[in-house]
Structure formats: C-alpha cells, structure tokens
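Next up: a single chain in structure tokens, the form predicted alone.
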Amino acid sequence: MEFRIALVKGDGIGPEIVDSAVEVLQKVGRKYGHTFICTPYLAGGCAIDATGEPLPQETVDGCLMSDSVLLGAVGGPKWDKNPPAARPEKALLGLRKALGLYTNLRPARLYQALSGDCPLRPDIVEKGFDLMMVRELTGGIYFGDRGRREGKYGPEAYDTEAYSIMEIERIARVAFESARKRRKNLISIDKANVLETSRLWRETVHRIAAEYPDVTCTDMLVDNAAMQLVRNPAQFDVVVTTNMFGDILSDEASQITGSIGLLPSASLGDGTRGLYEPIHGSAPDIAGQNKANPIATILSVAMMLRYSFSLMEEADCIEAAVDQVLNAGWRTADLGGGAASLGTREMTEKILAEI
C-alpha cells in the first residue's frame, strides 16, 4: 500500500522528533511492504520567518492532498511578542479548521517500567491506569466571540463559550464508539451546575447514550475530575469533554504518566485523514542538542497507522518496540536517565532495532 504524508516539522525540537518518527515509519513500511511518501511543509514560527505568515496556503494545500499529517511542534519565545494573527499557534488552529478536525484523542497510560516516575502515591500507582481523553476541538470558548469593552468596573475583556447540539452529538458519538472498543465505560465531564453550555452538553450526551446501551455512561464535574485524576486514575476508561476542559485535563493526565515526552495525540474529523502530533511543546531550550525524547512522536505515527490507515498490526509493532526499549531500562533525560541518558538519535536507534 502507498500513503502520502505531509510533514509539518515546525519549530524547536520539532524537526528532530519528526525525523525520528519518519525513520520508524519507513522501517515499518519496509517490514510490511508499504510505501510512505513524506513531503515537508512549513508552519509555525519557521513559516513566519520564511513567508511572513504562520500557515502558508501551500502548506494547507499540501496537507489537503495528503492522506495524513505528522506535526512536530510550533512556537517559541522568538515569536511571543508577535500580534495574535502572526503567532505560530495560529497555524494549528488553521490546520484543524482546513482539515475539518473536531476530535482530539489523547491516550494516557502508565508504563509498568516507568511506574517509579509517576508522581502519585505507590498504592495508586500499583493499580495502574490506561485512559483515552476525547476532547472536542473546534468549538467552545477558544472559538467564541471575544474582545475588549467598557464594563461595570472599567475596561474589561470577554470570551464567550458556545456549543451547538450538532457539535456535542458528533463528539459524543466518537467517544461512545471509542468506549465500545475499550472497556465500555465513558465519563462525560462538564460544569453543569454553573454553565448553560454544560447543561446542553449533559442533556445531549445522555440522549446519545441511549444509542449505546452496552456502554456505561456517567457524568463528572470538571473540578471533581481534576481531583479524581490524581486520586484514582484507574477509574477512567474513556473521557469526553469540551475544548477547554479537555485541554487542561489531558495535560494533567499526561503528567501522571511520568513524562509529557511519552504521549501522542490524534486530531480527526469525518474522514480518514488526521493530524498526528506529540502533546508536548517545541522545547527551544534543548533544540538541536540531541536531548529531545522522540517517543511521543513515534507513538503518534503508531496512532496514524491505526486510525487513518487501519494498519493495526503495524501500529502494534511500533508500540511493542517502545515497550521493549523501556522495559530494557533505556531512558532519555526527561525519564530520569541521568548520566546514562540516551539522546534523541540513540533512543530512535534502540526503537528501530526492536521493529
């Protein structure tokens, strides 16, 4: 089989970790008889420097012509003072919109080999956890009306949260389908005791739940969910929530795995094309120093194989290779490797050797 992949390497450590992931992808291709044609495109700060805009039309067109997109990371202090329309992060929002991506999947599981790096109590760590965050990606307060105005106490700023029934229905169905493929337990997170958008969210999720009688569906307020993630993460299987709540909670979930450098993500829409990226940032302080952990990006490639290309065995192969390397005791600096830490290049080579 032949697949076309757009590479958006981005800024900071982005080029290094994407290059590592592509090496892994190409080795899987040779092993299983697939061809992956990878084409690089500019987005983020590097695109601003080269073209004056964070998301050139050439990049949008290239991504639309591809079967999927692999993204490294965008942003950095260099562009922090740019006006909002010329910030690297605008590239992410623009790509999501152009590709019609409204679902963000973020798995978070505790690797047994890394249980000592989990910041939670030993009795909590002993239970382990393996959860999937399903975050709505294109609605809510991040995309609502905003501005500055004269208010009751003088000048003020405002941001507006809005959700349509359609937006809630489609993300709820994604979450229920995900739960069906896992342990059939879905927790919907909202703030229905305060927010009208959350009341509509809860009503809609309950209505969709009737279509999935085999899945247990419960509600949890977001403040309680933040506590429960560190108190008893094993109770979570699939979580579905709004854009802002998902942004915050998925980062919290990543931290209890031991390192943000381990977690991949997938952004999906109605078709098979997706955008795959590690959840961490561009880490400009270690860019070009062979210090970045490539595992999250490599696992993002595994998600691409599974969710966009339906290559389950190939995805399993990558995930198993990562497991084997971690079980063997190999570590990057963020995983507590100390003086014996592997660099980006060396960790990639260990994973390649296991495929």
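Being a predicted model, the structure only gives us computed values, none of them experimental. Each residue number is its position in the shown sequence, starting from 1.
The same protein also has a form predicted in complex with 3-isopropylmalic acid (IPM), omitted here; what follows describes it.
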{"property": "In the predicted complex, the residue from 89, 203, 219, 130 that sits within 4.5 Å of 3-isopropylmalic acid (IPM) by heavy atoms", "result": "89"}
{"property": "The single option of 230, 93, 162, 234 touching 3-isopropylmalic acid (IPM) in the predicted complex, heavy atom within 4.5 Å", "result": "93"}
{"property": "3-isopropylmalic acid (IPM) in the predicted complex reached by all of 135, 142 and 247, non-hydrogen atom within 4.5 Å", "result": "yes"}
{"property": "Residue 191: touches 3-isopropylmalic acid (IPM) in the predicted complex, heavy atom cutoff 4.5 angstroms", "result": "no"}
{"property": "Distance check, residue 273 to 3-isopropylmalic acid (IPM) in the predicted complex, heavy atom within 4.5 Å", "result": "no"}
{"property": "Proximity to 3-isopropylmalic acid (IPM) in the predicted complex (heavy atom, within 4.5 Å), stretch among 179-187, 93-101, 152-160, 115-123", "result": "93-101"}
{"property": "Residues within 4.5 Å of 3-isopropylmalic acid (IPM) in the predicted complex, restricted to 102-133 and counted by heavy atom", "result": "106"}
